[in-house]
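A lone chain, given as structure tokens: the form predicted alone.
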């Protein structure tokens, strides 16, 4: 395995390397899209994904202005606060009940909007012409994990999502971390709106170092957390915008990482990124997300690669694009040991199936619900640590749902239905083999099964299974018979290998 970030050659950037890049830096693609990426060569292919601003994202879900209501969970007006306070003072239960009913009505409306937000993002990932942008947004959502159940404001979750999307190739320190300590959703989620000089709240300071920048127990102490919390006092929000409350800010001397001054939140961020582990920790997370997520990932050659990534990351002042470009152009990224080495997240599973196989989208809310059943509920990560990922995605329950979801996408059949309940798939899968139809003097069925195996499950199966699949195609209708190809895809997507990308 290559131990550094030496560049892949144009000769080695073949069709399967292009497919690997498209699956990892995005959500896969059709054979024709893979061919187009391969023809660009490695440098132009990577730039095509990373320089996404040059690609017009014309899907209906790319337009966001006015799509979501920012006023559902609005603050009370001054007059409303006066009425409520007067009712509390006078013990007027009728007025207080009216306020409670109004709030419950707004909460129900906001939960409906959250469901719309989930469907909007899922549809956007499926249809986008900027797959890296959405894939990296998904990474950042899991890294700066924020859950709706604590935030209780769908518009704030939407704004945070847009913050991530706008900065996927920006500066990690200045565009992301500085903004996340000003983000209303994160402030509410980690209770920094309750962090004042009289009663410091340590939640944001702790997670900022432990989960977002340095890594658990790496380069900070409990005292640094306490002092960092003081630096973040007064960082709150009003309605939908960040607000610095100077009256709640502790402007006294603080000692963080052994340095003494009247530090504020921005100073705290600067002090964090002066620590050596700041560059290495985020590169470890990027490596696990894009290269290999096995438990032994960061040992041996991989550790050397992460250190080189961290060196690049720091040298480029924490800009994300240069380190990602170097990673996606490295021989290490394309090494056989790093292919089919990541267990697909539920979102990757369904979005990749639709984008690569050309399966119908069918019903987006139902797809969102399937991802939730498989363990990935968008905008509702299980904790501030995000999703554990890796092998945690797979258990007897989620594997069953994974297979049912793929059958639904391929055939339209719901779990528990009979084959005769719905025989119209509305899906022509023959496009996957279009490029093989021009070949002559070849065993078309054998070639088709071998190609589909590599394209769908990332490998050619053992001889016995390969022969069974080839015989099935021969005995049914050949590669020109659409139901036969769909049934073959159903067999392949039920294979253990399909859970990997």
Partner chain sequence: MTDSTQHPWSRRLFIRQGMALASLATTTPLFIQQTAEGVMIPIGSALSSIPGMPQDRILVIVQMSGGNDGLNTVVPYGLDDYYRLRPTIGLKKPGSGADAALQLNQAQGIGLNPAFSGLQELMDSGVASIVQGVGYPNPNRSHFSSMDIWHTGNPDGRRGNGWLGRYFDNACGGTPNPEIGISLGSDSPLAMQGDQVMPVNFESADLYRWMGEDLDKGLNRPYGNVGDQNSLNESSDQLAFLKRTSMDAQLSSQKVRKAVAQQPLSTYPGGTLSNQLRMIAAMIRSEMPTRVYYASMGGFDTHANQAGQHGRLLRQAGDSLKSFYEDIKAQGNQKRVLTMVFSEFGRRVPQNASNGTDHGTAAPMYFIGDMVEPGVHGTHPSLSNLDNGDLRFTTDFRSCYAEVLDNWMGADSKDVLGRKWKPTKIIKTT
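Keep in mind the model is a prediction, meaning the values are calculated, not measured. Numbering follows the first chain given and starts at 1.
One more form of this protein, predicted in complex with the partner chain, exists but is not displayed; see below.
Listed stretches are 350-358, 256-264, 408-416, 175-183; the contact stretch with the partner chain in the predicted complex is 408-416, by a heavy atom cutoff of 4.5 Å. The closest non-hydrogen atom of residue 189 lies within 4.5 Å of the partner chain in the predicted complex.
By the criterion of a heavy atom within 4.5 Å, residue 476 is counted among the residues contacting the partner chain in the predicted complex. None of the heavy atoms of residue 455 is located within 4.5 Å of the partner chain in the predicted complex. At least one heavy atom of residue 469 is located within 4.5 Å of the partner chain in the predicted complex. Only one of 428, 299, 93, 336 lies close to the partner chain in the predicted complex, with a heavy atom inside 4.5 Å, and it is 93. Interface residue among 109, 343, 76, 115 relative to the partner chain in the predicted complex, by the heavy atom within 4.5 Å criterion: 343. Taking the partner chain as positioned in the predicted complex, the residues of 466-501 that bring a heavy atom within 4.5 Å of it are, in sequence order, 468, 469, 472, 476, 487, 490, 491, 494, 496, 497, 499, 500.
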